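Just the one chain here, the form predicted on its own, laid out as structure tokens.
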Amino acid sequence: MRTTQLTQCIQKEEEEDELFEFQFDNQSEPQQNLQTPDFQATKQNEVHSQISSQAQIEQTDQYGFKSKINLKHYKDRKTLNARVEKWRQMINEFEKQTNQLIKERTRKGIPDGLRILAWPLLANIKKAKEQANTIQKLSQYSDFLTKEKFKFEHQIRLDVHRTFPDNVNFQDQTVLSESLVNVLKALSEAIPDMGYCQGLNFLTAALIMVTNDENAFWILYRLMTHYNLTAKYKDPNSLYREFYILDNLIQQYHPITSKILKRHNIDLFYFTTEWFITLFSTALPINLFYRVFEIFLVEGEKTIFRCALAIIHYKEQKFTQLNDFENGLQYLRSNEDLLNLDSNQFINLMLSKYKFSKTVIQQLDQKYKKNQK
């Protein structure tokens, strides 16, 4: 697809009323196998360096993080109360709501206390249970935890202790750490051809900090099946498709950054792999991640690329001033400059500046597949 065609598609954003569904064919693997970097250890080192000067901090935010970045609360109580009431009414009669109304209200944000009710509806976990019952004759979360031994349990437990090192909920043997182990074990049984893969621990941990184990499991099951995230975990080579699509979008929206990346030979693999594998749960402040995640549940894959572009936007000014590979890559992989982002400003930028439809993603996907033949 030529640049002019891409521009035309981007300028004409489609306001889809239907929830986005992925329908991608199998693609040939790139010649060079992709090895996912051990970002768990990297994340642990980053966190330790960030809080080393505040080792005595005792205060945590509502999710258990030691840093104070998520301590901000919505100050406009009138607006918040009105939003709570609207979501309560919508949740009670969710099947009667139009997709457009769900989309609009999700973009504005779901009140914290109602996420536990809204997420299962947005992800449509009822369909996940029906699918599991059809394929495996199992429809209860507990059905996937009946074994005495689990193939991936040892690796899961190792990774759990490296999950969000600055969060007290996952240190030592806590209730949430055991919940994380159980949900990941169940998921590895529910999708045996995927099993357990690094990165799932962060995404799962982010979910169980808001919802219960059972809901988290079915939301993850839905993500892997309906939203087709399984491929990212089964075969890291599938991420080349995401790199290709994002690279083209960066050329379109951030041409200067694109040129500098190529000049310094900084491949997107080096700093965006973690974004895609964890769905930004390690890159963004947790409250902002939840906002992005909820929009993703409603609007689908294009949300991932919009979020990536928004991060590029916030990093672009400083990045373009760096003049070598090492410093440039180090800055792109760091999330320190993202910790104090205003959630509303980020979401507004993400949705207003990067207006492209699923058609653009589909066209780039087709071009990628053609290039692989």
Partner chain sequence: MSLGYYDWLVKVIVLGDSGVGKTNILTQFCDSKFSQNYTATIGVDFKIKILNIQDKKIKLQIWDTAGQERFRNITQTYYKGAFGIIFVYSLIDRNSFNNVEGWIKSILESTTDEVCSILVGNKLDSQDRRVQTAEGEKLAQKYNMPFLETSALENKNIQDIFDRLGQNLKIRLENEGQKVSNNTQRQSGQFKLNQEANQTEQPTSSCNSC
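As the structure is a prediction and not an experimental result, all values here were calculated from the model. Positions refer to the first chain, counted from 1.
Although it is not shown, the form predicted in complex with its partner chain is what the next lines describe.
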item: Which of 156-164, 123-131, 104-112, 173-181 sits within 4.5 Å of its partner chain in the predicted bound form, heavy atom basis; value: 156-164
item: Partner proximity in the predicted bound form: residue 94 to its partner chain, non-hydrogen atom cutoff 4.5 Å; value: no
item: Proximity of residue 314 to its partner chain in the predicted bound form, heavy atoms at 4.5 Å; value: no
item: Contact of residue 239 with its partner chain in the predicted bound form (heavy atom, 4.5 Å); value: yes
item: Residue 198 within 4.5 Å of its partner chain in the predicted bound form, heavy atoms; value: yes
item: Its partner chain in the predicted bound form: contacted by all of 281, 291 and 336, heavy atom 4.5 Å; value: no
item: Answer option from 233, 253, 87, 150, heavy atom within 4.5 Å of its partner chain in the predicted bound form; value: 233
item: Interface residue in the predicted bound form among 298, 223, 210, 194, criterion: non-hydrogen atom within 4.5 angstroms of its partner chain; value: 194
item: Residues in 327-366 with any heavy atom within 4.5 Å of its partner chain in the predicted bound form; value: 327, 329, 330, 333
